[in-house]
Each structure stands twice: as C-alpha cells, then as structure tokens.
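Next up is one chain by itself, shown in structure tokens, the form predicted on its own.
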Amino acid sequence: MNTPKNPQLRKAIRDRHSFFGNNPIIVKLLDDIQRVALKNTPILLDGETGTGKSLLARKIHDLSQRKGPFVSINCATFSQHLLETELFGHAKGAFTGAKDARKGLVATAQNGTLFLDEIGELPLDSQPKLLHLLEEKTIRPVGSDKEYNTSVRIVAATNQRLKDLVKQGLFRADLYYRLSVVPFTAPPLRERPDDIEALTTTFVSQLCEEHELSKPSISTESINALKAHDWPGNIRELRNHIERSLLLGTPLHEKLPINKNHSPATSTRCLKSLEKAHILKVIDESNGNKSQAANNLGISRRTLDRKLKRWQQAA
C-alpha cells in the first residue's frame, strides 16, 4: 500500500501547474502580463470564482524575476486586527500575548510578491495602511512607532466589482485607483472551451501523481462532454470533478453536475438563489445571531453583512 503524500509534497505538485491556454483571449492576456511583469506597478486581477486568479498571480511573480518569495493571504480569512498583524507584523508588547516582536507577510515577501486574494474583503479601517504601503513603500508594525522600508510587488485579486464597492462606500476610491493601474480579467471557462482538453490532460496527470493513481486514458466522449458543460465554477470546478472521478474510478463524462442545459447566466442566478436561501436558513437556525451564523457558514461577519445589504438593496 502506498504511503499518502504529505501536504507539502502535494502542494508542490499543484504549484507546478501554471496558468496556460491556447485560446486567443488567454494568449492575449498572457502576452499583456509578460509586458508588465518586470515592472513594479501593482496589478489587479478580477474574474469569477475559480478562474485561476491565484495561478495568474504566481505566473506574474515567476515572470517578474524578483528574487524574493511569492507570499499570499486571503483577506476574507482574518478579522481586521489579525489581518493587520498578519500583514504588517507587531512589536513586542503590542497587545496581550505579544511576548516577542513578529514580522508580517509584507516583510516576509521582501523583494518578492505579496498576493492579496479577495481584496474586496479588506476592512475599511485597514485600507489606509495598504494605500500607505503602495505609495510610500514603508510599513509600521502594529504597536510600533518605527517605519521600515520595503520592496514588494503587490498583486491583488477579487471576484467582486470593486467599482460597485467604492460606490457603496465599502472600498476606498483612492486605493482602488492605486491598485488598478494595470487591471487584468481572468476569463470564465465557458469562454475558452478549446482549452478544456489541455486542462483536463494536465489535471489528470497532476492528480494521478498527487494521489498515486494509475493514469487512465481519456476518451473522446469524455472530452466532448466536458467541453459541452457550463462549468459555472470554472477551472476549479473542472479540476474538482476530475479529482472526484479519478478517486471513484468513474469515466470523466459521467456524473457531471446537472446544469449543462442552462445558460451561464441562468446557472449563476440559480447558484445565487440557493446561496441566499441557505444563508437565510442558517441565520434563522441561529435565532438571528449573525455572528454565530457567519461562524457556522465559515465566512466572516463582514462578508455576511455585505451579502445581506446587497440583497436588501436588490429587494
């Protein structure tokens, strides 16, 4: 019996997969990225969930030839205080339990790239500090009176329309314009079906190595079925389907999510409707306690409040 690979090794296998494609949209995107990768300007990546924005960010870092590391953080994962500590570090005695000084991810990414995923979830009170970093190239750890020079490339990503968040007062306009000097959009998979065969071949090879499985042959029937599917979850959904099929030993064209007869717009509306119904149900089960509901849902309270506000405005 094979010994399962440890998480670090599995991650290394996944990290070898780069953002690629032969679709004209992708070719143009990668060509434009190559033009700016060597510069130090911030880059904003937008696009639907699962379109490969984190892979694009790593691609930018690899092309940049920066000598420092690629460091990433999901802005929706932490509360405001924890996020600022994670990003900027803290001084000794900055708060209860801070027995030693600790450097943050900005310092860790020195001479490299800091990838800020889900930048739209960055708390308003933290946004001036990120703007200061972008404009002054300095950081001040939490609880410190000293500023330190930095050299780090900022790449941010979002699946939200930041312009709408600016209009709603949830995102600073000056930070938005500073981040979006060079914006790029990762296209949804439904706009590049000609790349599905190459993506499938890559994922099958990668996942078979990761899970120590024998590599199966991929039939024309499977490729045609995958190309005909909507994939509202984009590349991530395709990869997850392939992984599930390989682990269960089922052909890739079987047990596809039942949405191929719906248009992308209809599929998206259905998903949003299901999400809303589920969230409202969890809030009701939590007796209206939104903090408890957010915890049960696995999202931040700020994300929950934003969704509720959006639904209220649409009503």
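Keep in mind the model is a prediction, meaning the values are calculated, not measured. Residue numbers run from 1 along the displayed sequence.
What comes next is about the form predicted together with a small molecule, which does not appear here.
Checked against the small molecule in the predicted bound form, the candidates L199, I242, L226, I139 yield a single residue with a heavy atom inside 4.5 Å, and that residue is L199. Only one of I235, L130, A156, L122 comes within 4.5 Å of the small molecule in the predicted bound form through a heavy atom, and that residue is I235. Contact check for P42: every heavy atom lies farther than 4.5 Å from the small molecule in the predicted bound form. When the small molecule is considered in the predicted bound form, H90 lies well away from it, no heavy atom lying within 4.5 Å. Heavy atoms of S286 never reach within 4.5 Å of the small molecule in the predicted bound form, leaving it off the interface. When the small molecule is considered in the predicted bound form, S18 lines it closely, a heavy atom lying within 4.5 Å. Stretch-level contact analysis of 191-199, 140-148, 173-181, 105-113 against the small molecule in the predicted bound form, using heavy atoms and a 4.5 Å limit, identifies 191-199.
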